[in-house]
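This document starts with one chain, in the form predicted on its own, laid out as structure tokens.
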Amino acid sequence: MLRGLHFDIAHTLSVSVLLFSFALLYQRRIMGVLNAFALQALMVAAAAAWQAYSQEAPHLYATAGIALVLKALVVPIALKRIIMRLGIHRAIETVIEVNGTLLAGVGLVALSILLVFPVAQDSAALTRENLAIALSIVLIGLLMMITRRNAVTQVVGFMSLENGLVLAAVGVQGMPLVVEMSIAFSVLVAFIVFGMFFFRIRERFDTLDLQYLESFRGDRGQDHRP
């Protein structure tokens, strides 16, 4: 069980990951979203490394390395290059205004606390708080996927959601490395698929805004009416 300084640092790193989830909701431009995601992934890597040191669990250093290299460096850089190649530097269209989205995010954090604390009341304080924070990050990632119309930001929301799963995994002692490796592999595969998906959409419709894709679908449907 972590106590004193170890507990404070672990809790601070977990809360930092949550704060960057709100930073993702606040951003109005795609590049800002990618920068915030890179910083969130960096905090996830730091949280995993600290848990590896505190729990004396060397396999968590591998988790920290994967989060640092793959999610804080490779994925943001690759997405930035895709964005530059597709030429989609512009503001993000939202279903709900940013202030309303942030308020919804606060509500999801409160909901996570209400759900996790009664269930995990017999667990250690750090485990209970980590699970509540991780669930908050997962729900905020889902919220971002729902309230953002751009396909790139929806992918970032999906990967932010996965950051919450990693944070929950490293916060529980005895979590096997195979679980964390499978999560990282699934993200890598999803990223490759989404990259191909971006180029195909851009080539076919000349936009990544889902609002215009829905309008196009409606226009096609009207064209086939008798």
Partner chain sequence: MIAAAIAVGLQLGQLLLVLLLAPLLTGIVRKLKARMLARKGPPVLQPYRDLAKLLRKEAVVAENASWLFRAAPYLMFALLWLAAALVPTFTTRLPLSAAADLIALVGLLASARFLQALAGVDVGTSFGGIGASREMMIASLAEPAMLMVVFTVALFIHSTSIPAIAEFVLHNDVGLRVSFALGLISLIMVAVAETGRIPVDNPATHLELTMVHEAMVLEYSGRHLALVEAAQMLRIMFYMALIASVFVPWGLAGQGARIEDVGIGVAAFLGKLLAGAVLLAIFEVSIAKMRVFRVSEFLGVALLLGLLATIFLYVSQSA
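These figures come from a predicted structure and were not determined experimentally. Residue numbers count along the first chain shown, from 1.
The protein also exists as the form predicted in complex with the partner chain; that form is not presented, and the subsequent description refers to it.
Within 4.5 Å of the partner chain in the model of the complex: all of L34, L39 and E56, by heavy atom? No: none of L34, L39 and E56 comes within 4.5 Å of the partner chain in the model of the complex.
Look up in the model of the complex whether I133 has a non-hydrogen atom within 4.5 angstroms of the partner chain, and give yes or no. So I133 counts as contacting the partner chain.
Classify V109 as contacting or not contacting the partner chain in the model of the complex by the rule of any non-hydrogen atom within 4.5 angstroms, answering yes or no. V109: yes, in contact with the partner chain in the model of the complex.
Would I113 count as a contact of the partner chain in the model of the complex, using a 4.5 angstroms cut-off between non-hydrogen atoms? Although the partner chain is absent here, I113 would touch it in the model of the complex, with heavy atoms inside 4.5 Å.
Would V98 count as touching the partner chain in the model of the complex under a 4.5 Å heavy atom rule? V98 belongs to the contact set for the partner chain.
Just give me the residues of 25-42, first to last, that have a heavy atom within 4.5 Å of the partner chain in the model of the complex. Heavy-atom contacts to the partner chain in the model of the complex: Y26, R28.
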